[in-house]
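Before any questions on how it binds or moves, here is one chain, the form predicted on its own, in structure tokens.
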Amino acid sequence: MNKEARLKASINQKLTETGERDRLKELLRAKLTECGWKDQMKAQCKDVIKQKGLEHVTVEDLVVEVTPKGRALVPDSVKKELLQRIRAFLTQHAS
């Protein structure tokens, strides 16, 4: 495992151990619902199913099709807030 992978694993472990990871996930869910992202993604999935037909679409197909658009639709303000919270956490828990 290279240095970057070890660092990522260490950060993820610390986020999980402290419960911060779950708090960040809950914040993200709330923010995405609040800004309408969830509804946009639901509509996107319905469009894909309508285009391809229900019998011809798997969950994996949907994920592959809508993931890039889903990531692009996350508002910058939400990304910035999460990044600030992660940075604050890392500063607080630096060892």
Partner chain sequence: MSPAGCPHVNSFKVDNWKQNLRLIYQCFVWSGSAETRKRKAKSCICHMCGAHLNRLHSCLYCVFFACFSKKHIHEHAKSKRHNLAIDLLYGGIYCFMCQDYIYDKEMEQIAKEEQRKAWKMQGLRGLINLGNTCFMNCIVQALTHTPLLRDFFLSDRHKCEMQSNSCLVCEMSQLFQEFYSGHRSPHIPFRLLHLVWTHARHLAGYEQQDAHEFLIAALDVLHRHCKDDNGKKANNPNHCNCIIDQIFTGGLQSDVTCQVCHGVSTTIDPFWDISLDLPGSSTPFWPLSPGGDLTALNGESHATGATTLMDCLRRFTRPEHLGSSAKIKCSGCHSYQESTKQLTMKKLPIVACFHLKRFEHSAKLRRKITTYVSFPLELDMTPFMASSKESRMNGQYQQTVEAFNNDNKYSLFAVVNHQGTLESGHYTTFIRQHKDQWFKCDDAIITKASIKDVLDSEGYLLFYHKQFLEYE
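Numbering follows the first chain given and starts at 1. Keep in mind the model is a prediction, meaning the values are calculated, not measured.
Not on display, but discussed next: the form predicted in complex with the partner chain.
Select from the listed residues K50, K42, K69, R29 the one whose heavy atoms reach within 4.5 Å of the partner chain in the predicted complex.
So the residue touching the partner chain in the predicted complex, by this definition, is R29.
### Task
Report whether the minimum heavy atom distance between T58 and the partner chain in the predicted complex is within 4.5 Å.
T58: yes, in contact with the partner chain in the predicted complex.
Fill in: Contact label in the predicted complex: Q92 to the partner chain, heavy atom within 4.5 Å
Flag for Q92 set to yes.
- Item | Partner contact for S77 in the predicted complex: the partner chain, 4.5 angstroms, heavy atom | No, S77 is distant from the partner.
Would you please decide whether R87 lies within 4.5 angstroms of the partner chain in the predicted complex, comparing each non-hydrogen atom pair? Contact with the partner chain, no.
Just to make sure I understand: among 15-48, which residues lie within 4.5 Å of the partner chain in the predicted complex, judging by heavy atoms?
Heavy-atom contacts to the partner chain in the predicted complex: T16, E17, T18, G19, E20, R21, D22, R23, K25, E26, L27, R29, K31.
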